[in-house]
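Here we start with a single chain on its own, the form predicted on its own, put down as structure tokens.
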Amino acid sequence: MSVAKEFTKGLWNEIPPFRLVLGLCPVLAVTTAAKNGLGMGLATTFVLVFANLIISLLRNIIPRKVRIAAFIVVIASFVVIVELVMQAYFYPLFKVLGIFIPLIVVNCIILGRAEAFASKNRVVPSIADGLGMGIGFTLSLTFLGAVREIIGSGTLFGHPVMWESFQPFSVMVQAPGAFICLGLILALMNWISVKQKKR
């Protein structure tokens, strides 16, 4: 596969939360607002790209029997960097995302890409894979957060976007709203895929 194909597969065909149905815990928990989804997505993308890079570089050195433990050590190192940077420069967002930042260590998207791709491929395709999956994950979280924020609060990135008499559908910024919105987006994506196959 070409580098371009490795990059673009994470943007639609294998978009993590909607196609692979991976990483749903942060997807459902932090997407009450678009900025939360964007922040979580960018943090995950950083970890994903650099973990893929290091694991690909060390793929012939890491013994097979301890590969998962080694992958977690690499991933955890980058999660600590993200956590410290967010604490220093983006503290309000860090407080909102809370426990979900350290939980990036065990996010199945990152561990899955390390095991399925980075540990078996060269550096450039591994970076492309991580970047594509990360951007796809970021777009998914931001879009889901935006939909929930607009319907549930009448705002987008904290700015009012609805008319004055708009009554927010507050369930959308609560836990059930995450499942409702996710289900509707999955249905829409499946419908688009069916239409594309028929063509």
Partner chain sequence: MYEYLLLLIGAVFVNNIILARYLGNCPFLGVSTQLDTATGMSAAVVFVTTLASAVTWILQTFLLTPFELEYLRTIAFILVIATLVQLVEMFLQKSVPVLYKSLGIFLPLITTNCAVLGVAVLSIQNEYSFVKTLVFAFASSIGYGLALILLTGIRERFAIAPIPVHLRGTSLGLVTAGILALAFMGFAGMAH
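Residue numbers count along the first chain shown, from 1. In this text the structure is predicted, and so the values were computed from the model without any measurement.
The same protein also exists as the form predicted in complex with its partner chain; that form is not shown, yet it is the one meant from here on.
The single contact residue among M86, V96, V123, V105, judged by any heavy atom lying within 4.5 Å of its partner chain in the predicted complex, is V105. You can rule out all but one of 33-41, 168-176, 50-58, 137-145: in the predicted complex, only 168-176 has residues with a heavy atom within 4.5 Å of its partner chain. Across the proposed site, C25, S77 and F100 without exception bring a heavy atom within 4.5 Å of its partner chain in the predicted complex. Contact annotation for V73: at least one heavy atom lies within 4.5 Å of its partner chain in the predicted complex. With a 4.5 Å cutoff on heavy atoms, I62 does not count as touching its partner chain in the predicted complex; it lies far away. Contact annotation: A29 falls within 4.5 Å of its partner chain in the predicted complex, judged by heavy atom distances. For N190, a non-hydrogen atom is located within 4.5 Å of its partner chain in the predicted complex, even though that partner is not displayed. In this stretch, 111-130, the one residue having a heavy atom within 4.5 Å of its partner chain in the predicted complex is L111; the partner itself is omitted from this view.
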